[in-house]
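Presented below, as structure tokens, is a lone chain in the form predicted on its own.
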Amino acid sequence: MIRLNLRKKLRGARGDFDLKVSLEIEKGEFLVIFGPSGSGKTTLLRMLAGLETPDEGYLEIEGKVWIDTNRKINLPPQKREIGFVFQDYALFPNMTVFENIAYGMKKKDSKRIRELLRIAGLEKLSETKPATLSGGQKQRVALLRALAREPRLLLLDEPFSALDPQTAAPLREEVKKLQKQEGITTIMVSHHEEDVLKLADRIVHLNEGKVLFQGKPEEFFYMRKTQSPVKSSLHGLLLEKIFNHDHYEITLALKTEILTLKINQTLGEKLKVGDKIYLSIKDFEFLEKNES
């Protein structure tokens, strides 16, 4: 469990504002801090990492206090068990892929590095230097370097923002797979809806320093469309779509259940087999599709 309650005064495009965030995060959870540029997302991440100091607040990670301004506790970054993946990768140009991943490990473990390289499909690039790698490959190396530290907390700062959509899509899948496999609590900041839909167990919507929403991604996107909360929701995989006169009949796989729905022609033409469909249980209104 992570408990945090942090405040810091920031200067935005429309003047000064207070970044105030109070959260509890479950161990192993993938949390996405979502919001526009200038809302305080990266500052929050940097306070967690020890790279910025809050004006006041408290941060506890699995029973260990990292920040307590009342008791003047503020652990330096090197004493916080974190892995941090930056937007610009921050790889060492004079080191090989293997050496970059090994950097920062408490105890150099060649076997673990080789296993991480295998999982990410980078075994053949272990002796390559970053200058010759693609953007996607560099981001994989940065992620593996963070994971190699065996952190209590993994922090991701807009990790896909510099990548084209074709590169980012499979990399999101790899990040989610690695995060679940390692069981590491992860906090990522992003302003891309695709990151939320593909990665988040839970979303925190932040704007001008204020938390406007906490909850499941599908609930958040439903609220943005309807401006009213949804009682409950579910998602399924589109298995079949059949046109019948003036409407479509679609078949969805919902965990262990199969659901068949009739939808209008206009909506049906937007969908294809394999799409991930979000529904509200209240009235089965179509919320989002997620192309894979």
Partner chain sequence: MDFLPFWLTLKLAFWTTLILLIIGIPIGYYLAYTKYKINLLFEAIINLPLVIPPTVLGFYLLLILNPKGIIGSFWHKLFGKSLVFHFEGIVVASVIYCFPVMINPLVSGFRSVPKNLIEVSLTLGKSKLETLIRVILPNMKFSVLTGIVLTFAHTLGEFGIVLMIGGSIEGETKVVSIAIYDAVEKLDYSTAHIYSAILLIFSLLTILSVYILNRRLSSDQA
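Keep in mind it's a predicted model, so treat the numbers as computed, not measured. Positions refer to the first chain, counted from 1.
Beyond the structure shown, there is the form predicted in complex with the partner chain, which is absent from this document and is the topic of what follows.
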Quiz item: Can F221 be called a contact residue for the partner chain in the model of the complex at 4.5 Å between heavy atoms?
Solution: no
Self-check item: Contact test in the model of the complex: Q166 vs the partner chain, heavy atoms, 4.5 Å
Solution: no
Exercise. Could you confirm whether R149 comes within 4.5 Å of the partner chain in the model of the complex, counting heavy atoms only?
Key: yes
Quiz item: Going by a heavy atom distance of 4.5 Å, is S134 a contact of the partner chain in the model of the complex?
Solution: no
Quiz item: Which one, 97-105, 169-177, 115-123, 193-201, holds residues whose non-hydrogen atoms are within 4.5 Å of the partner chain in the model of the complex?
Solution: 97-105
Exercise. Taking 4.5 Å between heavy atoms as the contact cutoff, choose which of A162, A90, L75, V211 touches the partner chain in the model of the complex.
Key: A90
Exercise. Look at the candidate spot formed by R46, L51 and I82 and say whether the partner chain comes within 4.5 Å of a heavy atom in all three of them in the model of the complex.
Key: yes
